[in-house]
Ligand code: COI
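Below sits a lone chain in structure tokens, taken as the form predicted alone.
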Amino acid sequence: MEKITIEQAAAGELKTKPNESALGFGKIFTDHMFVMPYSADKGWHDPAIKKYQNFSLDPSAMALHYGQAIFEGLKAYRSQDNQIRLFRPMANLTRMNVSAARMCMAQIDPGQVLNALKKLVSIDQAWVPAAKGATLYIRPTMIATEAGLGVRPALEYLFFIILSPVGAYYAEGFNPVRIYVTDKYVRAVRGGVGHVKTAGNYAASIMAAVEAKKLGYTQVLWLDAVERRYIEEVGTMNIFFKINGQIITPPLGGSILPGVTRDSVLQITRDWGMDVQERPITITEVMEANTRGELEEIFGTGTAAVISPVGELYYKGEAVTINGGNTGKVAQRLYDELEAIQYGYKPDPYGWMELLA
């Protein structure tokens, strides 16, 4: 990567910092962003950190017509000793290249992009919240910018990184959420793009999410697209079940996003000596386990919410309460463990955290 040009905002252009107790999620953005264009003849070039600002795109930019758009999400944490810590950034940037390959887009150099990301966060480090539970959300994104209406891989792209101080992803915070199981809509099929973080996946999920919200549910649990029996993932997170002492999560198979937090939870729970299984599980198995009194916990995992306990599951007209509507012991323990590692309250035995400097 060429040397990064840095054009910092003037003092009079800097934004007022928000109240850290009322951040919400993804509504506030920092003073600067990183941008880097790509063309087939020049490769990646002219990397720059500049004032957060609008882009200018041709109306025929191919991302707008054919959906070549991918992104990642990771976080920076402010520790008790005021250090800025990134959680598994290389895992996210490596996964972005998997998305780029599937979408026939240009590959990034994860190591060089990580250096650029660190410089950006360093410049805007005053935006990393100090309030407990608040973080700086980092959104690397790539879009096809070539002007043209031919259906083919674009020859020009724009990679950029924006930053957003955030609080809890769900309004419920760490309290249990209510999940709606849909067998009307499907999100992804094996052989498709369900395993990568491309914008169209999320567009396809909106209709079901809107209908679930009207019924008072926070998110949608997706079933497989063929038989509509096997559980896959929630719209914003991977899903885990604790049934009769066993931790179960659906296996990766081409239609489920390989979550970084999911992978972290699998490592932690196995190190705790728990019986952990990555295997197919049907919604019928879950409902029957609940009837037998063996469904002990359900929780989701993801960058935005970290660990999200599920207090209610709705399927085919039946609403079942999980663990009395309370946060389960495993979900609470995992949340506490990950938070302790991320914020530096305890040693990081996995080497997951990367210091800003």
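Residue positions are given as counts along the sequence shown, with the first one as 1. This one's a predicted model, so the numbers in the text were calculated from it and none came from an experiment.
Form predicted in complex with ligand COI: not shown, discussed below.
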Q. Should residue 309 be counted as a contact of ligand COI in the model of the complex, where contact means heavy atoms within 4.5 Å?
A. no
Q. Would residue 258 count as touching ligand COI in the model of the complex under a 4.5 Å heavy atom rule?
A. no
Q. Residue 174: heavy atom within 4.5 Å of ligand COI in the model of the complex?
A. no
Q. Can residue 228 be called a contact residue for ligand COI in the model of the complex at 4.5 Å between heavy atoms?
A. no
Q: Counting non-hydrogen atoms within 4.5 angstroms of ligand COI in the model of the complex, say which of 178, 262, 242, 197 makes the cut.
A: 197
Q. In the model of the complex, which of the listed residues (236, 182, 99, 249) lies with a heavy atom within 4.5 Å of ligand COI?
A. 236
Q) Pick from 209-217, 183-191, 71-79, 99-107: which stretch has a heavy atom within 4.5 Å of ligand COI in the model of the complex? A) 71-79
Q. If you look in the model of the complex, which residues in 132-156 sit within 4.5 Å of ligand COI (heavy atoms)?
A. 137, 139
